[in-house]
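The data below hold one chain only, encoded as structure tokens and taken in the form predicted on its own.
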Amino acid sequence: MPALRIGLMGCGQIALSTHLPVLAHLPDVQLVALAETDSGCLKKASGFAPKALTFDHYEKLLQLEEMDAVVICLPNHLHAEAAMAALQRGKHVYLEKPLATNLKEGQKVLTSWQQAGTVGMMGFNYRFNPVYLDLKQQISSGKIGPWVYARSVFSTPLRSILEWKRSRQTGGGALLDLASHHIDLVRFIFHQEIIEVSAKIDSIQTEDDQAILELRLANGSRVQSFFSISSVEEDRLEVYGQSGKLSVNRYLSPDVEMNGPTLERIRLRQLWRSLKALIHLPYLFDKIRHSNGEPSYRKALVHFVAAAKGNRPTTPDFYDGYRSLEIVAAAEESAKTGKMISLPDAVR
């Protein structure tokens, strides 16, 4: 089977550090085109794919007929229009989150995708992280008994922020940047839809850069989450059950950590984890070796390539992207009104 011919839209930091190094080394992929308005970034990107044609705007890239699929890494406010333009030309699309910056645009993307009949995959790559897959399996198997509560933290320190990330209107803020990932993980790991949302949003350094969410799932369980792009580096998910607690630190955990219900068992577990850390050194080195210390980027792109070559449905798809956007919109409404917001039934 011939290689999948891919065009990359947007050659900024995330593409240079993650997507380009992965795509350039996949054996069944041919990078045929690159699009970027910044000439410096475009030159750096060409180093990964010297034979690829280069364009100063994604619309020019889409005129290229010898292309099967596109990977979109543009600023958030361009996601919807770029995805629709690619879908209308019959291309398979891998779109970094979010699907769009508002529900009206998100619905238009869904309509274009349904009409195109091509693969539309969201960049919710954490679904492919081995520790989250293990966490999902342990919850499903009843490792901690019925789970009753979960909490998560996803925060980053204050860094130099691109101008478009400073404003919610252009797709900035902690909800679209960070919360969208955890919202998708909640739906994926617990296999439950989120039916109610309560939120508080603050602007500390930039607009809407900190948020606290409380989510109620269809089975009645609750998840509380903290998101910030002006705090410390942390990405943690903890699940409390009747027989113990499971936790994952995406940056540091080599596997899922489990604590029993009593302090004595917790101490024994801590000792065992210290010994087991030596066993997992290869995994930790693998995390260091991959882009951003996150091997799931490669797994997600490999998954997309296989789906596009076979023209078969895949997840997470654009529906998952829309559902995440619905919950972000509900959180923003809750923060404005001070009320718990109910969500419509999740029907594809």
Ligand SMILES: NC(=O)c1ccc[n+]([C@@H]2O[C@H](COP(=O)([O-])OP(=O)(O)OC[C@H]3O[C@@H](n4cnc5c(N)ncnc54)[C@H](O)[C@@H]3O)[C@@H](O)[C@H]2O)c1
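Every value quoted in this text rests on a predicted model; they were computed, and no experiment measured them. Start at 1 with the first residue shown and count on from there.
The same protein also exists as the form predicted together with the ligand; that form is not shown, yet it is the one meant from here on.
Think of it this way: in the predicted bound form, the ligand has a heavy atom of just one of 245, 182, 97, 127 within 4.5 Å, and the residue is 97.
Heavy atoms within 4.5 Å of the ligand in the predicted bound form belong, among the stretches 309-317, 63-71, 30-38, 46-54, to residues of 30-38. In the predicted bound form, every residue of the candidate spot (12, 58 and 75) has a heavy atom lying within 4.5 Å of the ligand. Interface residue remark: residue 123 is counted as part of the site for the ligand in the predicted bound form, having a heavy atom within 4.5 Å. Looking at residue 162, you'd find a heavy atom of it within 4.5 angstroms of the ligand in the predicted bound form.
Heavy atoms of residue 79 reach within 4.5 Å of the ligand in the predicted bound form, making it an interface residue. Proximity of residue 322 to the ligand in the predicted bound form: non-hydrogen atoms within 4.5 Å are absent; the residue sits far from the partner.
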